[in-house]
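Coming up is one lone chain in structure tokens, specifically the form predicted alone.
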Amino acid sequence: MSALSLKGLSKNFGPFAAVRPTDLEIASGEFFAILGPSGCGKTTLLRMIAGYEHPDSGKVFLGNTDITSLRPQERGIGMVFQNYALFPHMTVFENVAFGLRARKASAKLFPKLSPKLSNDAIRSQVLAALESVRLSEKSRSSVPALSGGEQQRVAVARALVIRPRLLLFDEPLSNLDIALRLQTREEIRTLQRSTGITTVYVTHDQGEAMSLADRIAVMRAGRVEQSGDPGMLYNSPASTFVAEFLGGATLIDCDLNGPQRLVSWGGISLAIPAGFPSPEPGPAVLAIKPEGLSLAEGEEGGVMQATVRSREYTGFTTTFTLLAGGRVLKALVVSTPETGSVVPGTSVSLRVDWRHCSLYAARR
């Protein structure tokens, strides 16, 4: 049984379709990421799950229960917001305890959801939640005195303390610097694995989604373009959008010659390997991921010629921007002494690894 089911969920703001009818099934204990660029509808979809936006059509099921018409506080869902939404005038302990105390106060309204917790029980649950995010020693600290990463963990503890059936994250790491972001996302994944809470995580960061999620839904213009596990999405993108957005692929408008099994553009022709999936002959789009290109040793080793426009050395790897057949390409290669001598303006031979390429009938 799915922990969370979305059935035809949609939302319009005036004439703008923020989320088109969407179906998703998320398994119990799964870490599910919703990935897409700004304005694609991912946060609106999350807010409909949480109850902060009411859908124009469709249903939200938590297990077998239809929660579409329930208010946020009735859903038993924990949510970590982008800005954390912490109370600066409260201590860490009071912030985490807030949800439990609110439930205690509303026990008469929601008796099934809001048990009458004693003050001792609230204290015990708050301290356990703070221990799970390694903030026990900060319980009496004020929120403004915490670092960004610590504030983020307080927000997670506040969501966890109510023991939700579902945990939602809305771009929780976007306000952190790069080093702290990497550290904190590992903490989130470790915490999710240890608690087993079904988690839905919204982000625009491809690396974040790939490293955290069991499965990913890639959204574009209000609809799910493709969903699946990270490896499947990366290696078998269903559209040029997924290939470009998730895999960083370069898209090349080209011509596909069927009988000769050739892809051609700007005077360049590449032979398609036997068994490589390709559409019908005619106009096509070739998607090449950066790791699909490598510098060949010697003129005879390459399959096409290119000119280096720029290079970016990042230590273990070097990214080259190249011009081939009038098209700009990216090549990600392991840094070596030889690559260090390849400077802008150099003519190079490129070898194509078709395992990192895809062909489409038309740009979609």
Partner chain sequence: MRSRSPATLLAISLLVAVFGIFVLYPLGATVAESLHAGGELSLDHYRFLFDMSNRVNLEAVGNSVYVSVVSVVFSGVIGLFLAFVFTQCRFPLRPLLARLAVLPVALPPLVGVIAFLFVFGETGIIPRGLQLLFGTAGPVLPAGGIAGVILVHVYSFHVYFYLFVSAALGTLEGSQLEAATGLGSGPWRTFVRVVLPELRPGLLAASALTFMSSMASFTAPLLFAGGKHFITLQIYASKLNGDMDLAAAQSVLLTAVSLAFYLFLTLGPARPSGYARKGPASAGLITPGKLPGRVMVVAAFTLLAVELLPVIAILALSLAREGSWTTQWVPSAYTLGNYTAFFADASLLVPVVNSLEMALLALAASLAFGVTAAFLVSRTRNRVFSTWANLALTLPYAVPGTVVAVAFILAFNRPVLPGLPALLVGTFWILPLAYFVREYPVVIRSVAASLEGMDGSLLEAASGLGAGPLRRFRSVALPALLPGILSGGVLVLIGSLGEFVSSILLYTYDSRPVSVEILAQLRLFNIGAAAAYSVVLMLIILLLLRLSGGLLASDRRMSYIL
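Please read these numbers as outputs of a predicted model, since none were measured by experiment. Numbering follows the first chain given and starts at 1.
Beyond the structure shown, there is the form predicted together with the partner chain, which is absent from this document and is the topic of what follows.
Figure note: of the listed segments 254 to 262, 172 to 180, 185 to 193, 89 to 97, the one touching the partner chain in the predicted bound form, with heavy atoms no more than 4.5 Å away, is 89 to 97.
Although the partner is absent from this view, Ala274 stays clear of the partner chain in the predicted bound form, with no non-hydrogen atom inside 4.5 angstroms. In the predicted bound form, at least one heavy atom of Tyr52 sits within 4.5 Å of a heavy atom of the partner chain. With a 4.5 Å cutoff on heavy atoms, Ile77 counts as touching the partner chain in the predicted bound form. Not displayed here, the partner chain is approached by Arg47 to within 4.5 Å at the level of heavy atoms in the predicted bound form.
Comment: the partner chain is not present in this chain, but in the predicted bound form one of Ser69, Thr314, Thr336, Asn64 has a heavy atom within 4.5 Å of it, namely Ser69. When the partner chain is considered in the predicted bound form, only one residue from Ala102, Met232, Met210, Ala121 comes within 4.5 Å through any heavy atom, namely Ala102. Heavy atoms of every residue among Gln73, Phe81 and Ile162 are located within 4.5 Å of the partner chain in the predicted bound form.
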